[in-house]
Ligand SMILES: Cc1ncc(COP(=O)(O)O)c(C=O)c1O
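Just one chain follows, in the form predicted alone, and it is written as structure tokens.
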């Protein structure tokens, strides 16, 4: 065990199941561990490092800003917030932005703003939410309340009351769940932690129809699938949604912590000073980094579409080769291999061979590569996955044969 791992085991709260690897350096799509081993990163810090690692342009603006001014507090104006908010408004169509430090904080803000909207209108009983099974919006108390997984929720109850979970694609369930007490529907256009599950066009259309008919606010959780990952600024735009609120995080700073709640003007006008706040949110360092990242994403959009199509094609071919793959789901550079077995052996075999992916929803291998990924990277990654799947399948078959042999001998 390395000294780093040993020291952490003694003093860091063990809230994560970590792989015994210590990364010390990155370059582009590559990571390097403390022993000098090179890895191809197809997770990008769980969808964060969209420009890859050690991007020279991002490093330059961070260094420059750090030498000028990092933080002044939100008691004062600074021009970078305004410029970034204008950029996000142009991308989303939502005219106002609240800056925070993470995607979870952005969800918390959106949940509060949805309630405040109805309170300001004098409708005090529209306090409930509708969310989706397999949905994940974060682990703080409000975000956890609209996160479906009972394993995450149960130890911390009671949470915010009045949350109804419905099955993805259950249009009748959606229609029944939305009442005159519903403040908002929250949904990820592509569920991430829940297993890379895109909403169907029919269900997405039903969400738009129901929210429009009832006035219920729509929160499109774009923390993982937004900001260019699927080739569009926001994936909900592929459905024709007109959300009232969009929480964003992860990709916006490409590793510099920043999140944002994007707010439609009709909601924003019901919010007053003091309704929400943050000490660090929207500081000069994070907003300067985010401005650089979003400018780079503009130029990367055609590349993301091309690389996303290539990755989907290669994974489709992999599915034809391995019966254990039941489906390939996702869009652009957000893809998941759905397996008929536990995905952990595949993830571990991939890591051993030099590819970083992860398991989500037990049976899904999730891929969120940096948006700068190239054809050679995709070819290499799929090749490693091919070997990892073969190895894991053989291991599972071997385990099954051993069990059968044991039973036969009894």
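Worth saying up front: this structure is predicted, and the values here are computed from it rather than measured. Positions refer to the first chain, counted from 1.
Only in words, not in the display: the form predicted in complex with the ligand, which the text now covers.
Practice task
Go through 97-105, 117-125, 70-78, 210-218 and give me the stretch that gets within 4.5 Å of the ligand in the predicted complex, heavy atoms only.
Solution key: So the stretch in question is 97-105.
Exercise for the section: With heavy atoms only and a cut-off of 4.5 Å, decide whether residue 137 touches the ligand in the predicted complex. Expected result: Answer yes; at least one heavy atom of residue 137 falls within 4.5 Å of the ligand in the predicted complex.
Practice task
Using a 4.5 Å heavy atom cut-off, state whether residue 224 contacts the ligand in the predicted complex.
Solution key: Judged by the heavy-atom cut-off of 4.5 Å, residue 224 is in contact with the ligand in the predicted complex.
Handout entry: Close approach of residue 193 to the ligand in the predicted complex, 4.5 Å, heavy atom
Key = Yes.
Practice task
Answer for residue 188 alone: is it within 4.5 Å of the ligand in the predicted complex, judged on heavy atom distances?
Solution key: Flag for residue 188 set to yes.
Exercise for the section: Let me know which residues along 248-266 have a heavy atom within 4.5 Å of the ligand in the predicted complex, or say none if there are none. Expected result: Contacting residue: only 250.
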